[in-house]
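Take a look at this single chain, the form predicted alone, given in structure tokens.
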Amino acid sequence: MTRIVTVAAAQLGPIARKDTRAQVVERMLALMRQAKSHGCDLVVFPELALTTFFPRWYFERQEEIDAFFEREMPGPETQRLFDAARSLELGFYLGYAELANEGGRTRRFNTSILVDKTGRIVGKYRKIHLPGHAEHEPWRRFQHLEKRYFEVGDLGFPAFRASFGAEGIFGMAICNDRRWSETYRILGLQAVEVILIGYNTPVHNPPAPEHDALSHFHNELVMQAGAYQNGTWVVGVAKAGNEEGVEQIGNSIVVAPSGEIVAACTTTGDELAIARCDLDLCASYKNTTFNFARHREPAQYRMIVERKGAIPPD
């Protein structure tokens, strides 16, 4: 008996600074209803899905920054998503800016959660690989101040056993995490079967504009490689289109454990890409080419790295 989870990559078009959370949530609810009409079990939204991508601006006042953060989840505006999950019996992944009070201090993370069909949060992840820069760089056409506005995630890369039509092992990552092989391997070592990734990626890379023409290729390359080398499904979902003058790549895709793209969005607006993901297909790769127990040699890797001169000093 196969284990099928029908997944909808719920790409969002541009979100303006003036757009309210209520307006954005309404768009997300429309996508959830569409996904349900197509028989989906799980909807995956982008990184920082509730607001415009605010790290592209330099703000001096902390209250301006904190206006983009969620102080509770669910909150007054996002409760409707959780209610819809219960009424539609449809899970979702949501990326958002999290403001948390922990250990007597205020902390800020780029966060994602996994919510099951009952509206219960079953997993949480905080972004580890923060891109961009920490100080204002006026020479840029737009900023990328994630290192200024967020702390590095402190939850590791956990995998969660959850049921969305079928029970499986799910992991999460956010945006720049998808470019690093460690993201997939740490989850792969936990036997992950589906990795959910939301992102906001501009076409233009100010420090390396020669990469711009390769933005779609690189986006697909990293997720296809991560899926194949770890025998897992990967669902990558973008905020797309021209948002406040910055063109974002879109290119939302669903990748099979074979590394093949099996579904993709074709616009830069609100859109669903839907795939029937057979979780049992993962075993074909986990038990053969990428059977870690039989073929992976971690002791040898450690010896190579520790050998004098193998790696440069920090």
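All residue numbers are counted from 1 along the displayed sequence. The model shown is predicted, which means the values in this text are computed figures rather than measured ones.
Form predicted in complex with D-[(amino)carbonyl]phenylalanine (ING): not shown, discussed below.
Between 224-232, 125-133, 73-81, 97-105, the stretch whose residues reach within 4.5 angstroms of D-[(amino)carbonyl]phenylalanine (ING) in the model of the complex through a non-hydrogen atom is 125-133.
Under a 4.5 angstroms non-hydrogen atom cutoff, D-[(amino)carbonyl]phenylalanine (ING) in the model of the complex has N205 among its neighbouring residues. Of the heavy atoms in C175, some are within 4.5 Å of D-[(amino)carbonyl]phenylalanine (ING) in the model of the complex. Contact between E146 and D-[(amino)carbonyl]phenylalanine (ING) in the model of the complex is found at the 4.5 Å heavy atom cutoff. Put simply, E271 is far from D-[(amino)carbonyl]phenylalanine (ING) in the model of the complex: not one heavy atom of it is within 4.5 Å. Out of the listed residues K117, R179, R185, R140, R179 is the one that sits within 4.5 Å of D-[(amino)carbonyl]phenylalanine (ING) in the model of the complex by at least one heavy atom.
Residues of 38-70 that come within 4.5 Å of D-[(amino)carbonyl]phenylalanine (ING) in the model of the complex, judged by any heavy atom, are E47, F53 in sequence order.
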